[in-house]
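Starting off, we have a lone chain in the form predicted alone, written out as structure tokens.
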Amino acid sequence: MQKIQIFDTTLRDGEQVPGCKLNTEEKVALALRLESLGVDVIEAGFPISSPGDYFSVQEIARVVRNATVCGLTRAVRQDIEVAAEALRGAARPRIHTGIGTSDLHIKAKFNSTQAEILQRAIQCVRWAREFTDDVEFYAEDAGRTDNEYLARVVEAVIKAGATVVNIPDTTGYCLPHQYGEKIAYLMNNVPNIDKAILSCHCHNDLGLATANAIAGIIAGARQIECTINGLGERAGNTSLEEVVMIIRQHKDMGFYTDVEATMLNQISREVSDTMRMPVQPNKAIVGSNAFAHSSGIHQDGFLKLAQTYEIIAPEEVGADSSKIVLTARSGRSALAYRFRKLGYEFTRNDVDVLYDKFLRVADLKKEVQDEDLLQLAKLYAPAEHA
């Protein structure tokens, strides 16, 4: 089994969501929770971006002892010096520096050339290595970068001292097979690739961030950059809870993480509350409907054997118990089950009679609640079945 490093960027990329800005106290509290969760790296912020971000990174570096604390920079010496100063108190500091490598970025953003960008990439890594032995280089927009040029950049920055090389699908453009092939190309065509870890940083613009990250580790990457609840720029980043549970469910891939899965729902709620960003009900793993069943066919199968419709037990991820939601699509077995939960033991004939009454209520309401069932039970059998 090979370990996949979990690099959490909730406090940096996740905080870039409009309305999700955190103060230092909130950032430190969440950083400590992420450390308890078992993530390997916490990207604490972008120190040069503001005095507040600098102070937050400094405070997180001071209190986090087990996880690596990382600060983001551009390929600019002042950025790197400021990040190094903010990270001075960290037990395990990492500087994350880099530059855009796609033709779109090189020409439109930097008005530069491939040769000049290659030299800037080498230089920023050398600057960062003056302050720490743990340097991660990001090739921004690697998803749309020519593979041959990307391989040259990766080889050069590893030679300059990068210990991790981040291959971001910055715009969420790649299909899973394309991203996997890109990682495989680097694994097979960069001579010194064994001297560094490749990292997947995927965005969700086409809803493929998680799939791309998994394709990346299958192809040879050993770090996934992700956020709680998939928060992040535009449509978000790879969701931490999704990749962790995919790796746990598919043990045949041969990977594991150190994340404590039973904490996932709790930390999801804490991040949602602190960042004031609700989690969509149908969100995988941590959504309120992730373990809810409303179809009669599903409910019947679930009540016979939970694994017929649940591949994860709620307690594995710290969720409340599975829910049988009563709607007009629910069947008799679900109705009988919910009555039993309320203390009523009805015969099959009783349930048949009650089911007709239940459907009339269900047609009028989106969801039949316990109080509706109690009313039905009292009207049908006031006491003898209780």
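What you see is a predicted model; the values in this text were computed from it and never measured. Throughout, we count residues from 1 along the sequence that is shown.
The same protein has a further form, the form predicted together with ligand KIV, not shown here; the description that follows concerns it.
Engineer: Report yes if any heavy atom of E15 sits within 4.5 Å of a heavy atom of ligand KIV in the predicted bound form; otherwise report no.
Structural biologist: The answer is no: E15 has no heavy atom within 4.5 Å of ligand KIV.
Engineer: Using a 4.5 Å heavy atom cut-off, state whether A215 contacts ligand KIV in the predicted bound form.
Structural biologist: Judged by the heavy-atom cut-off of 4.5 Å, A215 is well away from ligand KIV in the predicted bound form.
Engineer: Does the 4.5 Å heavy atom contact test between G230 and ligand KIV in the predicted bound form come out positive?
Structural biologist: No, G230 sits far enough from ligand KIV in the predicted bound form that none of its heavy atoms falls within 4.5 Å.
Engineer: Applying a 4.5 Å heavy atom distance criterion, does I117 contact ligand KIV in the predicted bound form?
Structural biologist: Contact check for I117: no, nothing within 4.5 Å of ligand KIV in the predicted bound form.
Engineer: Where, among 151 to 159, 166 to 174, 307 to 315, 181 to 189, do residues come within 4.5 Å of ligand KIV in the predicted bound form by heavy atom distance?
Structural biologist: Going by heavy atoms within 4.5 Å, the stretch is 166 to 174.
Engineer: Which residue, E270, D300, D258, E140, is the contact with ligand KIV in the predicted bound form, using a 4.5 Å heavy atom cutoff?
Structural biologist: Exactly one residue meets the criterion: E140.
Engineer: If you check A90, L72, L264, A121 against ligand KIV in the predicted bound form, which one has a heavy atom within 4.5 Å?
Structural biologist: Answer to the contact question: L72.
Engineer: Any residue of 300 to 318 with a heavy atom within 4.5 Å of ligand KIV in the predicted bound form counts; write them all down in order.
Structural biologist: None of them.
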